[in-house]
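Look below for two forms of one protein chain, each set out as structure tokens: first structure 1, then structure 2.
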Structure 1
């Protein structure tokens, strides 16, 4: 007799649904999702480099929006895929190690280890990404951005190792009928409530439903069905707010009448402009999205002063990076670097208006930066200083 709480053995799992045939089919799409997440994540990190070796392009203006929308939707789709994938291979978790045969033991420990790393890293990436989309940071010491980036490499590395280990089985089951049982455990013979094909289709449906329920934060026409989107877009000018003026501590400094925009060239103040001075300059309008890797984006019709005009009037050379400083007192994005290509693009504005109305305080009043194809966190709000080096 077994003790009632003893861990089960793989033989005790008898459902035909827990099989390599299901695991491989769901796994292929899980791998695709992780691949998209990984590449689009790299794009975001590259776009945030202050001085990238190859300049990040300013066109298409919606490029960053699309890649980061893909990042979040593929991450959400991966959640049902990962849950069913892990469910289908659960009996493996209870396999005994071959303790007597040292060679096989070593291989088994290595493989288990790589799967342990893969599972932990995959769950970590999906969980922290999901929490980040809702701006919820329940951890206390580590930085989301740095850690999510590092663990992404670990996850993708462990995934590639896993594919290498399983390649013969993957190849075999994918080229056979889904109901074929060549690679099944001997005891996996009880028919499931669904056929294997039915379970795989249900999993894809679950991934689709999860995407529909959340993607409205970045796909405007899905807003009505995206009941679990973190943002609906009901905000001034139809553009959500990530950090409020209060959170940034700029309520007083932005609203005080003595705000000025300083333009420094070579460390010397070349221009000091009041709000009305900016208003008096030629105004331009650009329809540009603002997009955040947190899974939301919105199109805005921005109007204001063309940055290149402003820098030209101050006598700054055109082909230089620009250091942009915000009124906000702290935070990693208080000071950012705008690469020369973005500064020179005619669509890059110091926006004063959004959708024809004066910029809301939470959107960056008196003026904010808006540039095409640029990460949202770098579209600096409450701009107070521009510095150009020679």
Structure 2
């Protein structure tokens, strides 16, 4: 009978590369990546609130494009950093707990507990974030946005605890030569294929390559080298399409001659406009980006009717939020709320054209909302109703 497999012991990990000196240097940049990802994620979450307590700004028009691009690229950069960080500290998971020394036991529990929670949360965030960028949602039991937001707080809390527990060692190894062995385990003496400095540089290079391979979704001049970018601008007007008219189930309703745009004020239909009615109104052009939560973005030259002019002509007050309804049959963003500040901005349009051509069906024909500094999922396509309430 074979003996059961025993877990490894720390002494079996003999590589000099598994060192606090390596872990700390990689960990610094992993922490920076996590910090950028966390802060920009908060911005994205706040931007999608229907009625934020402090109005989200409409300027600069490219603000959300930058923050969400940073959110995704910093998350991608964190993947190789996290893998090397885990590899370098793996022996710590197999150390015996110092049960007789209560102080050391508390520190060990905090250290391993924070690492365990941080690793689990980080893997969840990075995996679901990548799946969201690819628009593949194998889960059906939870909301990506809500859960991603909640687990981000768990991850950042575990990171803070981990840094607090390890701060004395982190400070010591960062101020010492990377080859110093003061904090190494006694058995970590076997040279690696690379030096410690070489491993750290290779890790940073891998993070840089990962960013270059994906950042083209946000930075147009990187598109030729960003082989893993989820969107590259290959669509009408150079603006990518997330949801097609077929996927939204609007092919017939959007092309119907019976389509009307209804404007309701205090529950009463104040205007019912056909496509030609919108064409007959004064047309304006705004150069605005579409910036999606998946990280891609593209600049477009949009033309159409100023929303403020349309609402004003219908007798709607200028200081109220607007409920925007799409023709699409279902989905969490079929009905969205446009805050009053966005509705009043002269750059906010009901767009009829993109880059001088009539709006393509997949881009939201007969009309779509386009506003500055707003997440792409809230730039409602196939608009059929605007409702101004109390």
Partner chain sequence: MRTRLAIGAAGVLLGLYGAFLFLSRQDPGQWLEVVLWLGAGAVAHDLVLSAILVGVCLAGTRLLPRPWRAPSLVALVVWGSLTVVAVPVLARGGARADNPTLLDRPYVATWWALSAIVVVAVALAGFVRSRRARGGE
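Here the rigid core means the biggest group of C-alpha atoms that line up within 1.5 Å when the two forms are laid on top of each other. Computed from a prediction, not measured in an experiment: that's the story for all the values here. Residue numbers count along the first chain shown, from 1.
Where the criterion is the form predicted on its own, structure 2 meets it and its counterpart does not. The rigid-core alignment places the CA of residue 107 2 Å or more apart between structure 1 and structure 2.
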